[in-house]
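Quick heads-up: the structure tokens below are two forms of one chain, split into structure 1 and structure 2.
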Structure 1
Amino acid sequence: MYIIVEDDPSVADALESLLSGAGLPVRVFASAEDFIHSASLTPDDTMIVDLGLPGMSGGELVRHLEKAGATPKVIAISGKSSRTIARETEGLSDVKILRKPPAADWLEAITA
């Protein structure tokens, strides 16, 4: 299952179109809180999370999941500067970063 946590509805919808168009199972959440309240992860899941979420940030969500022992494959997306991204993902193990706007095919990057 591919889990998208993104507050911008257009970006979330476009990402969903891209993944589901390729026949992949997708669930979309608008916030970290929504996701925590209504879903849990299995080790096979891939989570695509916007670092700049309102409320609990993407970085905090990943940290929260790591603490809880769930370490899915995480792909962080962000439109911020590389310095900000580095700060926000500090201490997180093995997070792939995709920067907005996309410079390459994201489906390949996500499924790779």
Structure 2
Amino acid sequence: MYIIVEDDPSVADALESLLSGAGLPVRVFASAEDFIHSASLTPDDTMIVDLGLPGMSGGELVRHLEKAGATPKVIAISGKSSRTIARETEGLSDVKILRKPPAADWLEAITA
């Protein structure tokens, strides 16, 4: 399952269309809190999370999941500067970063 946690509807829709168009199962959540209250993870899942979520940030969500022992493959997306991304992902294990806006080559990067 590919889980998208993204507050920007246009980015969430683009990612959902990209993945579902390739025949992949997708669930979309508008916030980290919605995800925590509504979903469960398996080790085979891939979570695509916006680092700049309002409320609990994407980095905080990943840290929360790591503490709970639920660590899926994580792909962080952000339109922020490289310095900000590095600060927000510091200490996180195995996080792939994709820069916004979404691009056609994201499908290969996400499914690799």
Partner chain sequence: MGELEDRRTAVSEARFESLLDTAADGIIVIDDTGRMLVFNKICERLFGYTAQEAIGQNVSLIMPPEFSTYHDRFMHNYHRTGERRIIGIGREVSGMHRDGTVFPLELSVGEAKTTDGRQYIGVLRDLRSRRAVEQRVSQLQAQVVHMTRLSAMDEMGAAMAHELNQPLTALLLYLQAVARQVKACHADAKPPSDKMLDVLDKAVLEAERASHIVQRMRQMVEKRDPERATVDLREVVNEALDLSEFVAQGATVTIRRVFGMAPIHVDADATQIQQIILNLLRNALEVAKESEERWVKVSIGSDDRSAFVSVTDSGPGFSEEVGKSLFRTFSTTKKSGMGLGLAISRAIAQNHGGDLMADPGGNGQGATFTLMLPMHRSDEAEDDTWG
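Values in this document were obtained by computation on a predicted structure and should not be read as measured data. Residues that one form lacks are left out of the comparison. For residue numbers, the reference is structure 1: its sequence is counted from 1. For the two forms, the rigid core is made up of the largest set of C-alpha atoms that agree within 1.5 Å on superposition.
- Remark: structure 2 matches the stated condition (the form predicted alone).
- Core-superposed comparison between structure 1 and structure 2: the CA of P101 exceeds or equals a 2 Å shift.
- Comparing the forms between structure 1 and structure 2 on their core, residues 101-104 form the single run of at least three in a row where every Cα shifts 2 Å or more.
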